[in-house]
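This document starts with one chain, in the form predicted on its own, laid out as structure tokens.
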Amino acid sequence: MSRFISTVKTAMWLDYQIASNWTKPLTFFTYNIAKPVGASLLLLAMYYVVTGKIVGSMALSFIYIGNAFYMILGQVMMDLGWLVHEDREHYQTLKYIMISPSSYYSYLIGRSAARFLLSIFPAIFLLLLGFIIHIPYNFNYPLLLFTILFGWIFMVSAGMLLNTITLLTARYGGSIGETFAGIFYLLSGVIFPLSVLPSFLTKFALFLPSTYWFSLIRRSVLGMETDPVLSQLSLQSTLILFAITTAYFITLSLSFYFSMDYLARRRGALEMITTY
């Protein structure tokens, strides 16, 4: 356990240094907040162009909260999708990490934890900005804290699934991460309710942990669920379904990890150079 904790802490420190490009903390955190906040302001501008107003609408609250917390999920997915390629081909350290006494799985957990924590700060800033545009907050702080922490477990499992796939792919890590993030964006009720999707996509969305995660986020921040499909579920049912779907995501990611790790070692893919 002590080795696991030490590996996670070291991987988190390393991920922060790489993400910040070894710059000063104040400069990095300013950029880390400005980028996602700028994207959210662009979404608000689009909403204003379509509706002619920017306050007093539950639809705006649905979009704004979903987008603010999607920044966490999207950042973790897109960054982790590139992580194997970065270690294997940019820094060419993957094979050394693999043969070290520490588990590569714990290393990935540490890297994902750092990305997750760095993404929390823009979400907090956007929540504060929500007071200015009169988002009707009704916080349930214990539920919000539980949802965020348990959400990290889901994101780790989804990130592991990404990383195991990229062990055997060439140059497409970034695209795979963006694709995964796009699936969650489209099918998880981030900026529009599930009821607008075709029925088969709505059914598929109910198998994704992210669908219930965003529902729990809205319940903990707004005090209610406005999605016509998910509002039919009680809070207890939503929590149970989130736990169940997260559990099978974890099982799936572990099975993929050990399978892909075995194939990558057999094929010599741990030191494969595919850039040009």
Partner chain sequence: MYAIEVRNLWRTFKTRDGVVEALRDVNLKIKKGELFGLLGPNGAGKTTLIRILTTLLLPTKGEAYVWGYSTATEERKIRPIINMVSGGEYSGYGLLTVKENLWMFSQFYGIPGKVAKRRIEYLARRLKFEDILNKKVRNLSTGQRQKMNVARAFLTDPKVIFLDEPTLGLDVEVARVIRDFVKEWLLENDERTVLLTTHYMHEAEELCDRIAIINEGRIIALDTSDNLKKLVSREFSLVLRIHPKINISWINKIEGVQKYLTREEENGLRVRIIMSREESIADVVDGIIKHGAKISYLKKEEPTLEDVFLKLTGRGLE
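Positions refer to the first chain, counted from 1. Model, not experiment: these values are computed from the prediction.
There is also a form predicted in complex with its partner chain; it is not shown, and the following applies to it.
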Option touching its partner chain, based on a heavy atom within 4.5 Å in the model of the complex, out of Ile191, Leu168, Met98, Ile183: Met98
Tyr107 within 4.5 Å of its partner chain in the model of the complex, heavy atoms: yes
Its partner chain contact in the model of the complex: Phe139, any heavy atom under 4.5 Å: no
4.5 angstroms heavy atom contact with its partner chain in the model of the complex for Gly268: yes
Partner proximity in the model of the complex: Phe200 to its partner chain, non-hydrogen atom cutoff 4.5 Å: no
In the model of the complex, residues of 72 to 91 near its partner chain [heavy atom within 4.5 Å]: Asp87, Tyr91
